[in-house]
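Below you'll find only one chain, the form predicted on its own, shown as structure tokens.
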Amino acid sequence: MLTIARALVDQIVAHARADHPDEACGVVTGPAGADRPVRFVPMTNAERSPTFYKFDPVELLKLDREVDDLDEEIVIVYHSHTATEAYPSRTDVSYAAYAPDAHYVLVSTRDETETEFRSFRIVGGDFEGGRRVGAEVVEEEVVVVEPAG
């Protein structure tokens, strides 16, 4: 189960909408070992593509350093699908090696008025040449929490 603050959901969806018709991508980090998403980190899609995403390598290096310096981990890896449902493609699964224990959030922006926001765990499989093969996609419940008031 992914428990996430409404503000983070709103930031992810806003990023997906802003980058449409290209896929948006980014991460949400949190304290190491807590599985708690806290810090929204939008990334540049270096591919600038409506069907594929790749984190900008300079931003990715900066992110790796920040996560290490702040004793964080990547809790969520997110990206958008611009013309299809919010479900991991075979390509998405094969590239899910960067943060293997993360929640993989997909947002579909195919409908201008409705947004699909779903979370998955990509489990098992082997890592070959930086890609994941034979992994299973498991959808998980998303619980959106409002800030304490």
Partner chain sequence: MAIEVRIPTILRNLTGGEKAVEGKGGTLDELFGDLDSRHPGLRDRLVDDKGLRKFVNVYLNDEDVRFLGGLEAAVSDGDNVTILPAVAGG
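Numbering follows the first chain given and starts at 1. All values reported here derive from a predicted model rather than from experimental measurement.
There is another form of the same protein, the form predicted in complex with its partner chain; it is not shown, and what comes next is about it.
Judged against its partner chain in the predicted bound form with a 4.5 angstroms heavy atom cut-off, the residues Y53, H81 and D126 are in contact without exception. None of the heavy atoms of F120 is located within 4.5 Å of its partner chain in the predicted bound form. Shown alone here, S108 lies farther than 4.5 Å from its partner chain in the predicted bound form, counting heavy atoms only. At least one heavy atom of P57 is located within 4.5 Å of its partner chain in the predicted bound form.
Its partner chain is not drawn, but in the predicted bound form it has no heavy atom within 4.5 Å of D19.
Along 70-92, these residues reach a heavy atom to within 4.5 Å of its partner chain in the predicted bound form: V77, H79, H81, S89, T91, D92.
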